[in-house]
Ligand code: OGA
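Only one chain is given next, in structure tokens, and it is the form predicted alone.
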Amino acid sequence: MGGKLSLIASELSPRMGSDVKISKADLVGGAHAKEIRALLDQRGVLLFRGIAPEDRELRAIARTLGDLRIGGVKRGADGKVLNEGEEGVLKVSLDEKVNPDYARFLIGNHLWHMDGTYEEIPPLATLFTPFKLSKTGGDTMFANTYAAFEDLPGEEKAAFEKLNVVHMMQAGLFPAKRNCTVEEFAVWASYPPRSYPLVWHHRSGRKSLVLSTSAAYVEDMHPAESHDLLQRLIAHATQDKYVYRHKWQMGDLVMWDNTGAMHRVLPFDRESGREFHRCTLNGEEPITAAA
């Protein structure tokens, strides 16, 4: 992209991700917000090197692109609201002193997932920038669930569009912590399950697979067949041809489309103090099936 506006994008991988060149002032000021939204929808992941946004700038950039999530939105059986951070900027860290509300849930970030599978309308997108990096590990991987659906055989597409999948927090977190306590499992189970279509018919007309480790089972399907199908689809959607792996540098700003991608972080030293600052854009459309 280019032309009259000073925004240039190049592919990071064939099916996902673009490296975007833009001045920090233009990005913060929203001069190319419409182009960036279109590119995010098209490419799934956008990288802006050397931006190094302060929290106020991260909020400003987010607000040019959508509705910045502020406050808490997730509740357990006890009615507790998890804090989304300071005025919409959440500190993502495994250190409970840094992130007292969310740290205990972040173990699930090591597994393929999409955010907000416990909400009626999942988040639209995430903006992510490093505050402190681990010396080793910690790369983030993204998988294109639009492309993964597009490449399925026609008969499978038609069959999958008729299926609904139940998502549960315990399904997403138990594989990451098999030795959890009874109390921890009870907290996970306190979050209500959600049933979504396996195939999301977006208002744009495009379709994507709704996949995540939180996907517990396919409705009205034998448990063994359900397990095998969901495992097969995760393996299909995370083939190298659908994946972009990002190695972080200080100053990076990455944003991704949560409605058409899964993501995961690769293992790192949890004592490293690794910390990112995150803004989330509220969702704009529910997950819907074919009319």
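Just so we're clear, the structure is a prediction, and the values are computed from it rather than from any experiment. For every residue, the number given is its place in the sequence shown, counted from 1.
Form predicted in complex with the named molecule: not shown, discussed below.
Contact here is defined as any heavy atom lying within 4.5 Å of the named molecule in the model of the complex, and by that definition each of 115, 128 and 256 is a contact residue. Of the residues given (47, 237, 265, 65), 265 alone sits with a heavy atom within 4.5 Å of the named molecule in the model of the complex.
Out of the listed residues 164, 190, 134, 109, 109 is the one that sits within 4.5 Å of the named molecule in the model of the complex by at least one heavy atom. For the chain shown alone, residue 15 is not a contact residue for the named molecule in the model of the complex, no non-hydrogen atom being within 4.5 angstroms.
Although the partner is absent here, residue 140 sits close enough that one of its heavy atoms falls within 4.5 Å of the named molecule in the model of the complex. Taking the partner from elsewhere, residue 173 is found to have every heavy atom lying beyond 4.5 Å of the named molecule in the model of the complex. Contact check for residue 216: every heavy atom lies farther than 4.5 Å from the named molecule in the model of the complex. Stretch-level contact check against the named molecule in the model of the complex with heavy atoms at 4.5 Å: of 48 to 56, 257 to 265, 237 to 245, 221 to 229, the positive one is 257 to 265. Residues are counted as partner-facing when one of their heavy atoms sits within 4.5 Å of the named molecule in the model of the complex; in 88 to 102 only 92 qualifies.
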